[in-house]
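In structure tokens, the next block holds one chain alone, the form predicted on its own.
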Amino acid sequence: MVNIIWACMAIIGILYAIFNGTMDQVNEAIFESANEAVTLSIGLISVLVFWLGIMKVAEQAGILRMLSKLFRPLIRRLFPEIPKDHPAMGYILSNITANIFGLGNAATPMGIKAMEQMKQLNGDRDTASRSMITFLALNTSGLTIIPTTVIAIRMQYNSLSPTEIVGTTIITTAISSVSAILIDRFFYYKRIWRK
């Protein structure tokens, strides 16, 4: 569906430029954007490699294990249907920890694995379980302490203070995460009360 929306937007834009006589400006913008995208991607690689290295060091030092233990009681309450030592619990904790450090790219594979494990627990049904919905809401809201990617982009564009976004990010993602949990629980209990 998203691909269709993007294709429609591109076609409408090109048709508008043809009828408006601004096709040369569209061509120039396309090539400039492609050039900027490559430059930005290469610039992000160094930052992502750095933070992934930090994550590896944190893992070896036991910091991730400590964080996992710290969050485990909260995660157990959020996902009561998942057995205590089930692999899904480990993937969920790893996903949340990676998101906290702003490593969305590193968090995605763990999120997919967590969903696969929860789908198995749900008997491979096509309908999402309560845990899957909660995880999706929590993952989308994404509590972040260090917004690595945003800092990297701000550094790429010569921001005078690339890390000034940290405080705002913590506040907004904390509000979005709490809101996501509250909305998830509201609709869950509303469905229970209707039965």
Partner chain sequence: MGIITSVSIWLIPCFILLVLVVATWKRIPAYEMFVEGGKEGVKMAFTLLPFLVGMIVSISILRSSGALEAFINLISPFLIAVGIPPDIIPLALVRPISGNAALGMTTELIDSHGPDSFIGRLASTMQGSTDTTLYILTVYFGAIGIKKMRYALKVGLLADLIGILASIIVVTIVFG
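Numbering follows the first chain given and starts at 1. Take the two forms, find the largest set of C-alpha atoms that superpose within 1.5 Å, and that set is the rigid core. These numbers were taken from a predicted model, which means no experiment stands behind them.
Although not depicted, the form predicted together with the partner chain is the subject of the following passage.
Using a 4.5 angstroms threshold between heavy atoms, R125 counts as touching the partner chain in the predicted complex. Residue contact check for I112: one or more of its heavy atoms lie within 4.5 Å of the partner chain in the predicted complex. When the partner chain is considered in the predicted complex, W193 lies well away from it, no heavy atom lying within 4.5 Å. When contacts are judged by a 4.5 Å heavy atom cut-off, L93 does not count as touching the partner chain in the predicted complex. If you take 111-141 and check each residue for a heavy atom within 4.5 Å of the partner chain in the predicted complex, you get G111, I112, K113, M115, E116, K119, R125, D126, T127, A128, S129, R130, M132, I133, F135, L136, A137, N139, T140, S141, in sequence order. Once the rigid core is used as the reference frame, the Cα position of Y16 differs between the shown form and the other one by 2 Å or more.
When two forms of a protein are overlaid on their rigid core, residues whose CA moves 2 Å or more are considered shifted, and V26 is one of them between the shown form and the other one. With a cut-off of 2 Å and the rigid core superposed, L136 has a Cα displacement that falls short of the cut-off between the shown form and the other one.
Note: I112-S41 Cα separation is 3 Å or more shorter in the predicted complex than here. With a change of no less than 3 Å, the CA-CA distance between G111 and L40 is smaller in the predicted complex than in the form shown.
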